[in-house]
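Here you get one chain, nothing else, as structure tokens; it is the form predicted alone.
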Amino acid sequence: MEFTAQQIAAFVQGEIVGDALTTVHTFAKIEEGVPGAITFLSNPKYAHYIYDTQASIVLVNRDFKPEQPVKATLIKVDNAYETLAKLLALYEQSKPRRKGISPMAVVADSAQIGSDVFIGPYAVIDEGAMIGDGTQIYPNTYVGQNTRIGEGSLLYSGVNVYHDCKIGNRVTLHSGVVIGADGFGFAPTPQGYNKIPQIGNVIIEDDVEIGANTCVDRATMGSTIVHKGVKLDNLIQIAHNDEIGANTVIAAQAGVAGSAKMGEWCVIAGQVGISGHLTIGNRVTLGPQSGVISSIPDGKTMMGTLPFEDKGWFKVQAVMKKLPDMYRELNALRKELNELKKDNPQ
């Protein structure tokens, strides 16, 4: 599909600088722009590319002022990065959605399948499962007994959703995601560890996206809950009875131990570890590899293992570089002090 600069500007409420009839049919990074592509400039570090890019249209912020002529047509918007995201979403939505049930899929007689659903080869929909309208389930995916999946959701190949779980509308689960495996519950005895049955479930609310090979464990009792709008990266562990607040984002290789409660709009960087039975407030930011062993109130930005508040952490890092010199100076001062004591005994 082709779109003119005029059509795009009307959609994003932008201002055209250049040829309004320029057309595009694809997207590209600004440094890899080709004729017929639309790209964007939001980071000043990439500004020099705009003078050489072969892209036909470039989205820029309204305050952008070129230092030399630009060949591409510009569309000025309030936020070029956010505008690109809207256009990418529109582009993705314009793609035709797959429909129909493969004859090589296994769908239980008691399963309820909505309209315009796609179920690929070797997918299994177990007894009592419910699949909402327009949902797409790719090959080799398993949907367990009595599990409910809402409308317009997307389950890529190799996803496993265990029994009794609830998946909302417009949820995306990437390959290898496991929803509802048993929580890590074992009771120590003199003979070893006895398994504690995990009889709860997992609830994934609307508009959640979960990256490849991430696991969300079922609750021991009750529910593990991932609230609406949450975005989980690849290779994340969400343990039993956790609750992840709305619109929180968690980067790869983070782990949240059992029964932790996380607030809304949190930003959790890669390889963060959060101990169990803690409460993380709303709008908390945790820097990479932070190790959290106590609850954190609303609005804090924490870094380090164990984590400091951000300003304190930067001060510690600055001092650490000077520690060898400070150690030598301390030893020299100690030596001088000892010499003074010898010369002036009390």
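The model shown is predicted, which means the values in this text are computed figures rather than measured ones. All residue numbers refer to positions in the sequence shown, first residue = 1. Basically, rigid core = biggest C-alpha set you can superpose within 1.5 Å across the two forms.
There is also a form predicted in complex with a further copy of the same chain; it is not shown, and the following applies to it.
Taking the partner from elsewhere, residue 35 is found to have every heavy atom lying beyond 4.5 Å of a further copy of the same chain in the model of the complex.
The closest heavy atom approach of residue 17 to a further copy of the same chain in the model of the complex falls outside 4.5 Å. Contact between residue 48 and a further copy of the same chain in the model of the complex is not found at the 4.5 Å heavy atom cutoff. At least one heavy atom of residue 290 is located within 4.5 Å of a further copy of the same chain in the model of the complex.
Checking 241, 135, 147, 73 against a further copy of the same chain in the model of the complex, a heavy atom within 4.5 Å turns up for just one residue: 241. With the partner omitted from this view, the residue of 254, 202, 171, 77 that lies near a further copy of the same chain in the model of the complex is 254 [heavy atom within 4.5 Å].
Residues are counted as partner-facing when one of their heavy atoms sits within 4.5 Å of a further copy of the same chain in the model of the complex; in 55-76 not one qualifies. With the core held fixed, the Cα of residue 280 is displaced between the shown form and the other one by less than 2 Å.
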